[in-house]
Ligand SMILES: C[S@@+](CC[C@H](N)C(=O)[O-])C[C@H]1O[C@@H](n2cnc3c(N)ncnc32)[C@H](O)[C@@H]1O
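Shown below, as structure tokens, is a lone chain in the form predicted alone; questions about how it binds or moves come after it.
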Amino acid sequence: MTYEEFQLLNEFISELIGVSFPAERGRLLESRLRPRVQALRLPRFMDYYFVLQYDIDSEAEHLMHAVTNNETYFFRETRQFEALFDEVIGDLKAEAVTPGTIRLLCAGCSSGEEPYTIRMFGEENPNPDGESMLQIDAIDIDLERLEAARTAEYGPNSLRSTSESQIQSYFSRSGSNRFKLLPHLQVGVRFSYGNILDLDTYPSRVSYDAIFCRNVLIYFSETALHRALDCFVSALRPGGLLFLGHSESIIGVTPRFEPVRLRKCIAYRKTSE
């Protein structure tokens, strides 16, 4: 891949889905795109750029699968989930758009481990009537990962931070080293295609009480980051919370969110501006 090809492809991908590869990671982008270039029998990466320019509808699914990270597993970095249920669940419920139900969006959900983990936390923190108080929408741009999420069957890698007691409580064995999430834990979790940068692809016009977008924005360009935050502002109700990964921060990036210091993490509250 030449430097010109890298620049053009990186700019195209960043504009489309936000993901940006710094110059020092040009070889990574090349390695991710090469199998597709070879599958299409294209002589140059520039030819693949032309394919994306003129036939993105038929190529988008392959591109999304190639360039997204998809690193996820159950009970990964649980501090934000613990903060949700230990510290802010009462306030969110009191001000919820839908009385008695907290509406969450998981943006960049990959194969579903994150929203299902939140659902498990909700199982342990039900409404007084015993029903779950959560309604979770989960979006991703990778259709293959979304299908895996709907199937809800996982291997050992997805369960590497899951205790044996949690496996016994939340999964049934579905074959050699395969584990199927119990059906009742799939209730209230809806998966659909959604581009973080395109509000029109979000699954609901009813505002969310909280959004989880963890370990995604670190791969975005600065321009794409601001576009994503604008979408989150529109999707959240006034006072709604945004939860990011532990290595991500938007302090000072936008006046539309103010940091909220919780015991185990920092969240960001949508301001009234």
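Don't overthink the numbering: it's just position in the shown sequence, from 1. Just so we're clear, the structure is a prediction, and the values are computed from it rather than from any experiment.
Another form exists, predicted in complex with the named molecule; not displayed. Remarks below refer to it.
Between 91 to 99, 194 to 202, 158 to 166, 180 to 188, the stretch whose residues reach within 4.5 angstroms of the named molecule in the predicted complex through a non-hydrogen atom is 194 to 202. Taking the partner from elsewhere, S234 is found to have every heavy atom lying beyond 4.5 Å of the named molecule in the predicted complex. Under a 4.5 angstroms non-hydrogen atom cutoff, the named molecule in the predicted complex lacks F45 among its neighbouring residues. Proximity of F220 to the named molecule in the predicted complex falls within the 4.5 Å heavy atom cutoff. Heavy atoms of V216 reach within 4.5 Å of the named molecule in the predicted complex, making it an interface residue. Screening A149, I118, I141, L84 for any heavy atom within 4.5 Å of the named molecule in the predicted complex leaves a single hit, I141. In the predicted complex, the named molecule lies within 4.5 angstroms of at least one heavy atom of each of the following residues of 16 to 34: I17, V19, in sequence order.
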